[in-house]
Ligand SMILES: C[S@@+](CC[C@H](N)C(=O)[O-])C[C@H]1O[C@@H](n2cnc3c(N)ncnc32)[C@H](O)[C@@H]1O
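Only one chain comes next, encoded as structure tokens, the form predicted on its own.
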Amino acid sequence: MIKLSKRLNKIAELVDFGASVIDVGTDHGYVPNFLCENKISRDVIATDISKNSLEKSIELTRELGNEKEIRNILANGIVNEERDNIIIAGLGGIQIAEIIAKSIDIAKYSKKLILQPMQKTNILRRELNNMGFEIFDEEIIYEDERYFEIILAKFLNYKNEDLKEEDFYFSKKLIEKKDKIYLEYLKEKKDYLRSIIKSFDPNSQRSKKRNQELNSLLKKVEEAIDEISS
């Protein structure tokens, strides 16, 4: 039986029962095989740009007897086949946004994008909005002394023009849910921003603008903390 990490287990939990799935950047193929083993999906495509990683996924698929349910494909991104759910996890936010943009028609068809960026979550949120996707929920996991944000999105062909750049730094959904893990994440963010602001040279013209931007961001973090804590 496959035992997933906390992060991968949450991603697998978010897959719709009976959905056709693609796991982009599957690495060892743990999630696709977990989905088959637990009868969540019987139609999974696992892709990876790395031949070595894909071979590990192929080996695990063969070992567990899931060759009929999982197709392992060497590919850079999403293959040209409609899928109910698209998983893109463990990549940078910019890279995830580029993968979606490159296969925009397939992404639009999907009922759910399950996205777990390792960094630049704000840029991914911004680009999803620019492409007309709605973030309808978010999750956050704490594992190995690190926070992992998971975005759930679907295409609505609507861009929210009212959002400012700093709005993309925050999860509206996690704030609304008063998520306690997100609260701890924001507290760490607040301390981090304060330390950067303190390090600036107050006499430097170059750092003045950045100082103002970070102070504005810090204020937003503090407001989000207050909202969750209330």
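The first residue of the shown sequence is 1; numbering continues from there. These figures come from a predicted structure and were not determined experimentally.
Quick note: we don't show the form predicted in complex with this ligand, though the next part is all about it.
Novice: Tell me the stretch among 73-81, 107-115, 135-143, 156-164 that has any heavy atom within 4.5 angstroms of this ligand in the predicted complex.
Specialist: Selected stretch: 73-81.
Novice: This ligand in the predicted complex: within 4.5 Å of a heavy atom of each of Thr47, Gln95 and Ile99?
Specialist: Per the other structure, all of Thr47, Gln95 and Ile99 touch this ligand.
Novice: At the 4.5 Å heavy atom threshold, is Leu8 in contact with this ligand in the predicted complex?
Specialist: Looking in the predicted complex, residue contacts with this ligand include Leu8, since a heavy atom lies within 4.5 Å.
Novice: Indicate whether this ligand has at least one heavy atom within 4.5 Å of a heavy atom of His28 in the predicted complex.
Specialist: Flag for His28 set to yes.
Novice: Verify the contact flag for Asn38: yes if a non-hydrogen atom of it lies within 4.5 Å of a non-hydrogen atom of this ligand in the predicted complex, no if not.
Specialist: No, Asn38 sits far enough from this ligand in the predicted complex that none of its heavy atoms falls within 4.5 Å.
Novice: State yes or no: in the predicted complex, is some non-hydrogen atom of Ile22 no more than 4.5 angstroms from a non-hydrogen atom of this ligand?
Specialist: Ile22 lies outside the contact set for this ligand.
Novice: Given a 4.5 Å distance limit between heavy atoms, list every residue of 79-108 close to this ligand in the predicted complex, or none if there are none.
Specialist: Heavy-atom contacts within 4.5 Å come from Ala89, Gly90, Leu91, Gln95, Ile99.
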